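Next up: just one chain, as structure tokens, the form predicted on its own.
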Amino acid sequence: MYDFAAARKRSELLMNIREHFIGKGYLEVSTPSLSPYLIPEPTIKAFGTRFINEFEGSRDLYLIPSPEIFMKKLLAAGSGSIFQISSCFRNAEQLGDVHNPEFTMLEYYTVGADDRDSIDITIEMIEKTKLRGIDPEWLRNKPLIISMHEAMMKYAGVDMDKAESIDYLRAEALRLGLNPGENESWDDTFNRIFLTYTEPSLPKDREVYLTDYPDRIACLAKHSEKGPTKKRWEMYINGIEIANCYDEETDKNETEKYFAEEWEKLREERSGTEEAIPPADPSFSSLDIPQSSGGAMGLDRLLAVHLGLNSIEPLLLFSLSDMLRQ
């Protein structure tokens, strides 16, 4: 019923990560799991709850999908490089395999670094925190660093130089046997191709760092000088997405624009539904965030690939799917 051997490996992994970052001079922080505001992300659905107090009044609160909202406030306040291991929460996702609504996240921010520096930081961290007695093939092989442009061309035959055009992208989806709706957004058509052809084709015998994501996929990463891309990467092991990273946006105007556009998109998509519509943090776009690069890593998934598993469920002492079956 309970896999205490796996629990010991989890404990070892978390201890190794803490020792590694503290040894590098990072400050370990602890931030709230409940917040009255979130960063607007239409693709992420939050859990909402209600705070009740006879003196302060009642208001809606939300379980954080990541500690980013608080950790960036610490960066702006002069914390220096920081990391945190915390529980995070995402609603309306499938159960089992590599998803659980509550999961363990490692989030780490390196002041003075950019997204490319963070690749080296992450490769070193994974090597230095490996588990005793565990020697998976992917950890013995040299990591692959490949751009989204290269990967989409190699595995789907899609030219990202032309993919700014929704007509081109839709035609490519049809060529690949997919069926994008007539009014499907650029993001959805791109993801349809990427998730069907490119992501499943990434090498599974090593860490894969997929860089230079399309600029049209909104996020709080800086624009690249190399074209219509963001300074963002995602890392895969054994076909499982393990981590993502940004060269963090520091331009207040860009941040304010992101908040306005993404919150309006979120409001329009969820109006009339039961899904939570968390208000955007009104102070976030005024933060003086220093040059830094932030990474977020799913530690349940990292432990799974260390142990050669394709699912995180056996590693959770209390998975939601098990609790719902009782």
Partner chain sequence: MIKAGQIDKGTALLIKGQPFVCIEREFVNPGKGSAFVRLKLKSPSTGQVLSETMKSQDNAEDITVEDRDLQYLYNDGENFYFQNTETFDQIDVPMKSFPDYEYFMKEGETYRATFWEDQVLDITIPSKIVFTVAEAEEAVKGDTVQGATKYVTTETGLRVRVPIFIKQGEKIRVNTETKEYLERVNS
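Positions refer to the first chain, counted from 1. Owing to the predicted nature of the structure, the values given are computational and were not obtained by experimental measurement.
What comes next is about the form predicted together with its partner chain, which does not appear here.
Colleague: Please pick out the stretch from 230-238, 119-127, 153-161, 78-86 that is in contact with its partner chain in the predicted complex, where contact means heavy atoms within 4.5 Å.
Modeller: That would be stretch 230-238.
Colleague: Mind checking whether each of 19, 30 and 306 has a heavy atom within 4.5 Å of its partner chain in the predicted complex?
Modeller: No, the whole trio is out of contact, none within 4.5 Å by any heavy atom.
Colleague: Between the options 141, 253, 165, 179, which residue brings a heavy atom to within 4.5 Å of its partner chain in the predicted complex?
Modeller: Of 141, 253, 165, 179, the residue with a heavy atom within 4.5 Å of its partner chain in the predicted complex is 179.
Colleague: Within 4.5 Å, heavy atoms only, which of 215, 102, 199, 114 is in contact with its partner chain in the predicted complex?
Modeller: By the 4.5 Å criterion, the partner-contacting residue is 199.
Colleague: Evaluate residue 195 for contact with its partner chain in the predicted complex, applying a 4.5 angstroms cut-off between non-hydrogen atoms, and reply yes or no.
Modeller: Answer yes; at least one heavy atom of residue 195 falls within 4.5 Å of its partner chain in the predicted complex.
Colleague: Residue-level question: is residue 209 within 4.5 Å of its partner chain in the predicted complex, judged on heavy atoms?
Modeller: Although its partner chain is absent here, residue 209 would stay clear of it in the predicted complex, with no heavy atoms inside 4.5 Å.
Colleague: Does at least one non-hydrogen atom of residue 191 fall within 4.5 angstroms of its partner chain in the predicted complex?
Modeller: Because a heavy atom of residue 191 falls inside 4.5 Å of its partner chain in the predicted complex, the answer is yes.
Colleague: Is there a non-hydrogen atom of residue 300 within 4.5 angstroms of a non-hydrogen atom of its partner chain in the predicted complex?
Modeller: No - in the predicted complex, heavy atoms of residue 300 and its partner chain never come within 4.5 Å of each other.
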